[in-house]
Every structure is written in C-alpha cells, then in structure tokens.
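In structure tokens, one chain follows: the form predicted on its own.
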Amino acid sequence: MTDDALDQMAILAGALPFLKRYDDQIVVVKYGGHAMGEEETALRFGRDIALLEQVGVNPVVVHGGGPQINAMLKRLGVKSSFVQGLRVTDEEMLDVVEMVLAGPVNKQVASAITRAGAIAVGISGKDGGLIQARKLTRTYRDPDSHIERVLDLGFVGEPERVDPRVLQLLIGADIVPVVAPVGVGADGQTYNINADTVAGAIAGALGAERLLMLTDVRGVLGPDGQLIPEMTVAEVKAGIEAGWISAGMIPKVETCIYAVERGVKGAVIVDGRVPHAVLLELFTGTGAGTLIRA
C-alpha cells in the first residue's frame, strides 16, 4: 500500500466520528456572492455540498449575489443610491435584484451541486410561503441636529416568519434546497433581504445542527489580531461592547447569535476562500473559522 493510500485511510478514519455526529443533521450554509464569481471555486463548493448529502448530512444552501447584481445594474444602466452606506432598493432595482438572485445565480449554484452528484433544487423565499417578510426599518442620528431619523431603504426587508415545510419536504426527499434571499410581505410585496439574515432565520426555523457563514475573512479576530476559534454568545456581546468586534463583523456575529438563541447548536464564521472550508469545519477537529455557541 502506498503512502498516499495510507494517508487517505487516515483521513477517512479521522473523519468517522464527525460523520457520525452530523448523520441526518441539518447544516445551513450561507454562500457569498464573491466566491460564486470564480467558476472553479463554485464547482468545488458544489462538490463539497454534494459530498455532505452523500454521506448523510442534510445541507441547505442560502446564497447571496451582490457582485452579480452590481454587474447587471451596470449592464442595464440602473444607478444605485446609498443612504448611510446601505443601498436603497426602489421598484426598478427590486426587479433586477429578484431577476438575478432567483434566476441565474440561484440556478448556477443548484446546477453546480447537481453536476457533482446530488440533486439540488433552487427556490426563493417567495416559494411555498417560505419567508414572510416585512419592511426593514433603520434609524440613525443626524450628526448636525442630533435628531434620530428613519432611513427609508425602499423594498429592503427582513424575515418576519419562516415556514420551513417546503424545505422539510425537499430534505425528506434527499434534495438539497438552494434558497435565494427574497421574501414576500403579507400584502404580496416582494422584498430584497440580506442573505446572512435569511440564513440565520432558516437555520433557527429548522433547528439546524450548524450554521456556516462563508465569508471573505478568517473569522472573529481578538484584540491581538489572532483568530478566536470558539466563543460563547456572552463573549461575543462583550466583544461588541468593548469595541474590538466592530464594523462589518457585527452583522455577521449578530446573525450567529440570532440563530444560536433560536436553537441552532453552533454558528460558524468561516473563510470561504479556503479550499474545502465547509468540509474542514465539519469533519476535522481544528475547524476553519470561529464557532459561536450558547
């Protein structure tokens, strides 16, 4: 037997306890738009998700698509407007967002997983009443008058209720759901929703074993700049209060906290640029990011 074969056997033997741990468990994976821009990266992600399904895990994928939306807006000559760093989604832009997210991006992700040997079906949060949404309201303090004002972001929403039955039906049929982050209000209005927020809400509604947030950073870095492998919700809140968890990391950890407080066993911020980051996180003892737990 060659050294390569022995190494492969050692890897399989080491993964066995983790395979047993996640057998028949739900794992929600948030897949970012930047990673989808590279064809080989997308195909590798598809193979990893297909492998999860084939070894008995029940993956659910929620994807973003910011770069793809930006490219389509530029192509169509639709200008983006921002308020306090947040993009306003007017009616014209909403049509583009839904077309891109629920159309080519959604189908490309599902296709990559299906090509790798699993069956994946792309849906949006509007299908089967999966995500009932409401208009997202944000406030800010005017720097001149110090008066608190309301930001009107147009048709940007947040999940109000998640009905997981359509996902449960797909999972029960050994089909990988691939969800585009678009929801619908009680009045039938479509809303564009942040993909991180949708992933957290779905993970909570399904009682997932893990929520994996694939992003373009290593995870949560401590005051010394070193990666923190594991944190409790209380420690994360203390880090935000102290100021060393800041800026773009705050919404990510807040999504993790939301999911954990709703029954998800653990939420992990993972560097999606690392090859096979999902498999490293689930099937090795070292993981690939920062695990947040109760």
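Here, rigid core means the biggest group of C-alpha atoms that superpose within 1.5 Å across both forms. Quantities reported herein were computed from a predicted structural model and do not represent experimental measurements. Note that residue numbering follows the sequence shown and begins at 1.
There is also a form predicted together with a small molecule; it is not shown, and the following applies to it.
Although the partner is absent here, residue 219 lies within 4.5 Å of the small molecule in the predicted complex, judged by heavy atoms. The closest heavy atom approach of residue 215 to the small molecule in the predicted complex falls within 4.5 Å.
At least one heavy atom of residue 252 is located within 4.5 Å of the small molecule in the predicted complex. In the predicted complex, at least one heavy atom of residue 245 sits within 4.5 Å of the small molecule. Note on the interface: of 219-227, 144-152, 107-115, 164-172, the segment with non-hydrogen atoms within 4.5 angstroms of the small molecule in the predicted complex is 219-227. With the core held fixed between the shown form and the other one, residue 224 has its Cα displaced by at least 2 Å.
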